[in-house]
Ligand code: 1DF
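Encoded as structure tokens, the following chain is the form predicted alone, with no partner shown.
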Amino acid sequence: MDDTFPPTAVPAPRTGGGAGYLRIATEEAFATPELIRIWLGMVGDYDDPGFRSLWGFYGTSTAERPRFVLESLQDLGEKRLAAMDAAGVDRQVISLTSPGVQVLDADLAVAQAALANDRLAEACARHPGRFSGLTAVAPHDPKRAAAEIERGKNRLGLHGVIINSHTRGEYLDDPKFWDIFEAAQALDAPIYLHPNTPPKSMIGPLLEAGLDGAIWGFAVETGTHLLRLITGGVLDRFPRLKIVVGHLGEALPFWMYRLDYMHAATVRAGRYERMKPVELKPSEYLRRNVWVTTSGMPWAPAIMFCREVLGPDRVLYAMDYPYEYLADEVRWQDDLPLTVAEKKRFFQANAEELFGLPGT
């Protein structure tokens, strides 16, 4: 690897499908300048140590990588396209980065989500062959969030929903949020459950050790959120709901046996009021309702394991731009021990089918 940032591979992968498939990256982030100004203005006062840790870093660090990330998040034009070309990415599925609007008061959150969706839809219209987008919502107001999901799909041409995990420490298994799931299921709109920093009630030991972010805390927080949906019966009530999680499933595929065994034992014991019987095993919901992407996890043994235990139709390529941007990672996934047809499903067809993207 060279010493430049972003680092490059030699030779770099090329766009255009010459390998027998297009590369569709499915967890690629953006933020409006307005929202970034709001976040940075909150860093000193907002009572959430995870938020302060994350956006205090990106707002004040002078290191090269966080400067690159902050600038790249705000670009929905030529700089992003050039980065895609340099890494061999044909299309990005773009979504509002964490924490989204979920740290804001409800009315401001609704307004900023709508603004972000308008901006993203405009960029997708300018570059229809390269950009697709997901609808951001403000879960604080589930009815208005449901309406925004409908607007995003039917009026803006967006292809799913982004929710940056918990909303001020509240999780979506609470029935008060279920208007969101009802709308997403009715519109066949996948929900990308993206990480947030752990809430104040969870973050202490992680933050103390420097483990609160992408290294571990994100997976703990978002994996917990998904498990709450599974064990809380949400996927029995909404059996056709499609949920997408990054980073190869936030570790849950590797725990499937233990989740099944201990969930059954805990239900039999009647130990917890909220741990009731559900229709399927946890692993069966993961195989029925969940898709995972390789964002930030370009590691062949883990990718192949997830393909084995979840099924090849459930694992999609992602880069995690601009937080993780390395052309070598694309080449490593090009080198997976798969046939060209299997790679086309991994890099292209799964994303086209799941998000309803235009095909080739």
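Just so it is clear, the model here is predicted, and its values are computed rather than measured. The numbering used is simple: start at 1 and walk along the sequence shown.
Just so it is clear, the following notes concern the form predicted together with this ligand, a form of the same protein that is not shown.
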Quiz item: Any idea which of 328-336, 298-306, 47-55, 30-38 reaches within 4.5 Å of this ligand in the model of the complex, heavy atoms considered?
Solution: 47-55
Practice problem: Have a look at H247, H263, H159, R91 for me and say which one sits with a heavy atom within 4.5 Å of this ligand in the model of the complex. | Solution: H247
Quiz item: Only one of T231, S283, Q112, S98 has a non-hydrogen atom within 4.5 angstroms of this ligand in the model of the complex; which is it?
Solution: S98
Quiz prompt | All of E170, M202 and H225 within 4.5 Å of this ligand in the model of the complex, heavy atom check | solution = no
Self-check item: Exercise: R67 in contact with this ligand in the model of the complex, heavy atom 4.5 Å
Solution: no
Practice problem: Decide whether A214 counts as a contact residue for this ligand in the model of the complex under a heavy atom distance cut-off of 4.5 Å. | Solution: yes
Quiz item: Does H194 reach this ligand in the model of the complex if we count a contact as any heavy atom within 4.5 Å?
Solution: yes
Quiz item: Does the 4.5 Å heavy atom contact test between W291 and this ligand in the model of the complex come out positive?
Solution: no
Quiz prompt | Residues from 309-336 in contact with this ligand (non-hydrogen atom within 4.5 Å) in the model of the complex | solution = D320, Y323
